[in-house]
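There is one chain below, alone, in structure tokens, taken in the form predicted alone.
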């Protein structure tokens, strides 16, 4: 890993250079919540002033720019006994400025499934390869527990990663694209003071986490407490709305539907993200539903996050952003569910 420093004025110049030839996505203030706190979303920006790098979290993760909620996989036409299919991938360069470590770690987990597994998605891969990512450190939100799942720091999966040192940024360079981009502005070599200031900022961030979750031995505990009444307790609260999956930066379950015109001359194949909490998620032909109850669907969401994904990829799928807990209308959040599970495991 290479490191340099960059004044905030030069960083602005860098973003303005990127804006000249790329679509740029950044955290923008889009309103305020009921408490008067700002709401941020990753949205297209036209100028540097629209980007708010001081945000705590965003309503939705940047996942939507790699796995859209809904996308057309292909269109096709039938004519004279023949058929022709049209498939298109994204090749337009794009930059996302201001991603936090947990969201970059979420992309790394998606990479394992969508880009490096047995059947990689060319749609995801084309977006990933054509996206320039600039990350930034931040002090954790009150309900964030990314430190507990090892997602508060990141060493790859980005092009540049910034740490705010007050009057300048400490910049980690993780790609040739990032190195070449910095060459266009006056990036400086790291001094001993820069390193000292960087470590001090990182220590402050590490000590700022208010929410902590114990995940040691969690996969085994999930198996042991598979029939626990605790799942009914939380499942009875669940509204089966699927909001948790919509805001989750790592949920990737989806369905594919074929839409054929009434005259059978054309059609399209459409992919749409799904949620394991929706009542029809495990329904199969014939009307049988393998997970008919809210508690069983909620349970399997946690099993996928902290058991199935661990077995397949040696790490939990959850990155601790707690967007699911924040958006849940029923007040279901991972720290409390996992704490309940662990209390159950200790017995009477």
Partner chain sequence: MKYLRLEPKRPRIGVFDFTSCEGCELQLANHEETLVPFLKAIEVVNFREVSSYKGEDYDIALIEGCISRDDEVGRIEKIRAQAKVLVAIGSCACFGGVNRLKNAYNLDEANKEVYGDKPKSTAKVRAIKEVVKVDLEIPGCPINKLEVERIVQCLAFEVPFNFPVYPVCVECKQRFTTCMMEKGQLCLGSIAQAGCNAPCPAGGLGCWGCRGPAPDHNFEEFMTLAKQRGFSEKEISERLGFFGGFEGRR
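Positions refer to the first chain, counted from 1. These numbers were taken from a predicted model, which means no experiment stands behind them.
Unshown form predicted together with its partner chain; subsequent notes refer to it.
Review point. With its partner chain left out of view, which of 126, 228, 243, 208 would have a heavy atom within 4.5 Å of it in the predicted bound form?
Key: Residue within 4.5 Å of the partner: 243.
Practice item. Evaluate residue 192 for contact with its partner chain in the predicted bound form, applying a 4.5 angstroms cut-off between non-hydrogen atoms, and reply yes or no. Key: Residue 192: no contact with its partner chain in the predicted bound form.
Check your understanding: Any of the heavy atoms of residue 330 lying within 4.5 Å of its partner chain in the predicted bound form?
Key -> Yes.
Check your understanding: Can residue 279 be called a contact residue for its partner chain in the predicted bound form at 4.5 Å between heavy atoms?
Key -> Answer yes; at least one heavy atom of residue 279 falls within 4.5 Å of its partner chain in the predicted bound form.
Exercise for review: May I ask you to check whether residue 247 falls inside a 4.5 Å heavy atom distance of its partner chain in the predicted bound form?
Suggested key: Looking in the predicted bound form, residue contacts with its partner chain include residue 247, since a heavy atom lies within 4.5 Å.
Practice item. Go through 58 to 66, 45 to 53, 299 to 307, 312 to 320 and give me the stretch that gets within 4.5 Å of its partner chain in the predicted bound form, heavy atoms only. Key: Result for this chain: 58 to 66.
**Study point:** Neighbours of its partner chain in the predicted bound form among 242 to 265 [non-hydrogen atom within 4.5 angstroms]
**Key:** Residues within 4.5 Å: 243, 246, 247, 258, 260, 261, 262, 263, 264, 265.
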